[in-house]
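Listed next as structure tokens is one chain, alone, in the form predicted alone.
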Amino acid sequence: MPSSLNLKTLHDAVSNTACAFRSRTRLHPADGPGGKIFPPTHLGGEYAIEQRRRTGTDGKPEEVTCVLVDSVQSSANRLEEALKLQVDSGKLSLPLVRVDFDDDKLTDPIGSLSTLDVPHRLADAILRDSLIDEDGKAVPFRKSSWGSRLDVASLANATPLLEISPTSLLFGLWDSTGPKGGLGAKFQRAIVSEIVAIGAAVGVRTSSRIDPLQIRSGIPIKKGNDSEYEVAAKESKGTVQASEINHGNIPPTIDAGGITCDYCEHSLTLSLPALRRLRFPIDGQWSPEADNAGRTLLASIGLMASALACEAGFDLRSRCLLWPEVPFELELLDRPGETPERFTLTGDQGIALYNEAVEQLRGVGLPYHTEPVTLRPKDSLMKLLVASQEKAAAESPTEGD
């Protein structure tokens, strides 16, 4: 029987020679095994299909067709989203840097974006192009006391980022657009997760639309502003078909789309050697206690996010809802040759484990700033955003299926 994961076990695993925590779970479509799901498409509308090796039911190796259902990047975003939901609900205190947008100026309000939302985390261009008030002045974030930490952060000195954005250390960051260019701070992704459909076969997708008004094709339409239009004379130039203003029938079509599979597999790995590369000096002085406290905190965030994301479910996109066969469970890969020890972890237990790790972190003297650092976009960023939203609003929407 698996046991509950506690802080001592986590701290010992991170501090010694254990390799990783991992989880491997089978999932099926919510409508049952053999149900059809729709993976994400990539450039050209293609699925990410590849052959992978596995041990067959007869014990012999075999190749099987697999389709990527949730990429490493997408899975990381779901883990961060799970953390954000807990922060927004007040159940979790986590260091964040956020940008508050003036929604009165926007066609499509944004509200706030934080380091849990933006793709490059603390090194993202949205933060770079924002201001913070310091000493009575509006200062560009990267030149502020908070943002300039990126200029001095390294594997040997991860303390500055741990204090304001520990998730940047956990999920990875490369400050390639900062003052050092390609030599900017770079931290590898310590937690990797993906979902793959095993034994997959690509199916077909049909689409059509029946217009209840039965608007006929061939009627010339002259488009105006703000969705206005008028029926034009036959000889008029610059006219469009009724389908371009979302009226009329669309004949049934059939294309490749959707897959069925033997099962889907969700894999997740938290690399402990990756965390051990990070060091957390206090006032320039290294100590095993501080290093291990910082690494344990990062591990607790990764495992907490994993448990929370699993509890949030696997509704990955339209027509891609998956259901796990078993509850979330972890294995600790400790000594080679030994059977991995198994652990359970719920979302609430993950939050409690994280809170204990925070206490331990502060107990050794490492700083941890759980009040959000708030920025506002520069005028140039706001003008770019307003222009982009105005352009998007003026463009004709594309019909979906």
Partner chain sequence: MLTIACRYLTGRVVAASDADREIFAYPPQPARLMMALTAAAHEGHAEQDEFKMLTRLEAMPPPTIDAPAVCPREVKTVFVPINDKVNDPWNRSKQPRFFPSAHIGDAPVRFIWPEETLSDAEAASLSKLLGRVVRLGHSSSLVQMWLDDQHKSSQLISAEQAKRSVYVPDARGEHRFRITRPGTIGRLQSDFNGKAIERYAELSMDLEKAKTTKQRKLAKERQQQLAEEFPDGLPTSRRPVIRTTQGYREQVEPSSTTIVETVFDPAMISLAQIEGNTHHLLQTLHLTRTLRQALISHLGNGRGEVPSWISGHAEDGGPTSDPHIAFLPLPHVGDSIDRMPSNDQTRRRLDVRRTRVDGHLLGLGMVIPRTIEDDRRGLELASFLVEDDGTPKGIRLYGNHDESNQNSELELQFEDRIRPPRAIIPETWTRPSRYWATVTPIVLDRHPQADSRRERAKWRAEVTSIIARACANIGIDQQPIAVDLGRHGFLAGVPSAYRSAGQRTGSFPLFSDVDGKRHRMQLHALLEFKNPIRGPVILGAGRFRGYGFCKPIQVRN
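Numbering follows the first chain given and starts at 1. A quick note: this is a predicted structure, and the numbers were derived from the prediction, not measured.
The form predicted in complex with its partner chain is left out here; the points below concern that form.
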| Selected contact from R279, K105, K222, R98, since only one has a non-hydrogen atom within 4.5 angstroms of its partner chain in the model of the complex | R279
| task | Using heavy atoms only and a 4.5 Å cut-off, determine which of A274, A242, A82, A290 is in contact with its partner chain in the model of the complex. | result | A274
| Are H266, S318 and L321 jointly within 4.5 Å of its partner chain in the model of the complex, each by at least one heavy atom? | no
| request: Pick the stretch from 308 to 316, 162 to 170, 199 to 207, 114 to 122 whose residues have a heavy atom within 4.5 Å of its partner chain in the model of the complex. | output: 114 to 122
| message | Taking any heavy atom pair closer than or equal to 4.5 Å as contact, tell me whether F343 reaches its partner chain in the model of the complex. | response | no
| said: Taking any heavy atom pair closer than or equal to 4.5 Å as contact, tell me whether R78 reaches its partner chain in the model of the complex. | reply: no
| query | Is there any non-hydrogen atom of T253 lying within 4.5 Å of its partner chain in the model of the complex? | reply | no
| Contact flag, L333 vs its partner chain in the model of the complex, heavy atom cut 4.5 Å | yes
| said: With its partner chain taken in the model of the complex, which residues across 56 to 74 come within 4.5 angstroms through any non-hydrogen atom? | reply: L68, V72, Q73
